[in-house]
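A lone chain, given as structure tokens: the form predicted on its own.
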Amino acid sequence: MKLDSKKIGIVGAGLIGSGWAAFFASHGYAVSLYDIDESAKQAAATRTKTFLAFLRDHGLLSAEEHELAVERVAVADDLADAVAGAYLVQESVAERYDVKKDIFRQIDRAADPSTIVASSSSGLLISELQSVMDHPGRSLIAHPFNPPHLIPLVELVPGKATSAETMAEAKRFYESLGKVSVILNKEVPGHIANRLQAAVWREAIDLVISGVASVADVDKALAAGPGVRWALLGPHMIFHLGGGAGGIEHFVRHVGTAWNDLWSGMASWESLPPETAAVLSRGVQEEAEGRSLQEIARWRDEKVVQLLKVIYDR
């Protein structure tokens, strides 16, 4: 089978799959969308067009580029059609081992052995997923951050059987489309970014349920403080600057030690407290101030576009 270097197969047409579809189509790739649920496929086609229109309306695509991108997105009749001849397959089905392993098995049988198979999994281990494949060397995790058509990050994670060639080609490919890639040296549940998010969220939850502050003020403290710096730099470089002329070595030796008291008093629970859902639900409703989820998401995306234009020269 001759591969089409400009075709991407997307298996799993939910929010993430639709975002990937818009991203790839906006960068000149023909996209073949597939989902086992027929209504999900049609919803994804509509959602992808909405995402592409957003990119056009905010200056990330010209009118002509938008029109061409819309034409590049097609809905596949079945999985075999979606992956046939594809350069890369981006799997974005439900975050469950049984579901993903079944899909990986099907993709492995239907796709050309040289097709790269990338999972959007936010936390599962690729070694487990590729264990059902006859050609596991061409598979890896390529985890985006939502929404994939806007957020630059992609986490690339090799499994035990992933070839060095696959990792190198995946890095080249995603970066050629403007993604900012990070490569894990070894697998760990949640990869990098979600583990960092989980650590911060646990403390954010604990501050709320222990009565220290409201949901809105915890969110505000993070967004208007560290979040502003985090849009530009990670914690290590931030504290390197915080150490003055002595850099991070000075910070760790002289300032960082004061954090020991903070860490000793922080939350260490390993499962969500039973009141979490109710408390946070009330809190975010108050914080939303009557805005719908769609309104908040659109406000977020519009601000993300502004950040991308400033930070990444989009």
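Bear in mind the structure is a predicted one, so any value in this text is a computation, not a measurement. Start at 1 with the first residue shown and count on from there.
Just so you know, the form predicted in complex with a small molecule exists too; it's not on screen, but the next bit is about it.
Contact check for 30, 87 and 149: none of the three has a heavy atom within 4.5 Å of the small molecule in the model of the complex. This chain is drawn without the small molecule; in the model of the complex, the residue among 37, 286, 57, 64 with a heavy atom within 4.5 Å of it is 37. The partner is not drawn, yet in the model of the complex one stretch among 229 to 237, 88 to 96, 199 to 207, 213 to 221 has residues with heavy atoms inside 4.5 Å of the small molecule: 88 to 96. The small molecule is not drawn, but in the model of the complex it has no heavy atom within 4.5 Å of residue 162.
Not displayed here, the small molecule is kept clear of residue 133 by more than 4.5 Å at the level of heavy atoms in the model of the complex. Although the partner is absent here, residue 120 lies within 4.5 Å of the small molecule in the model of the complex, judged by heavy atoms. Not displayed here, the small molecule is approached by residue 13 to within 4.5 Å at the level of heavy atoms in the model of the complex.
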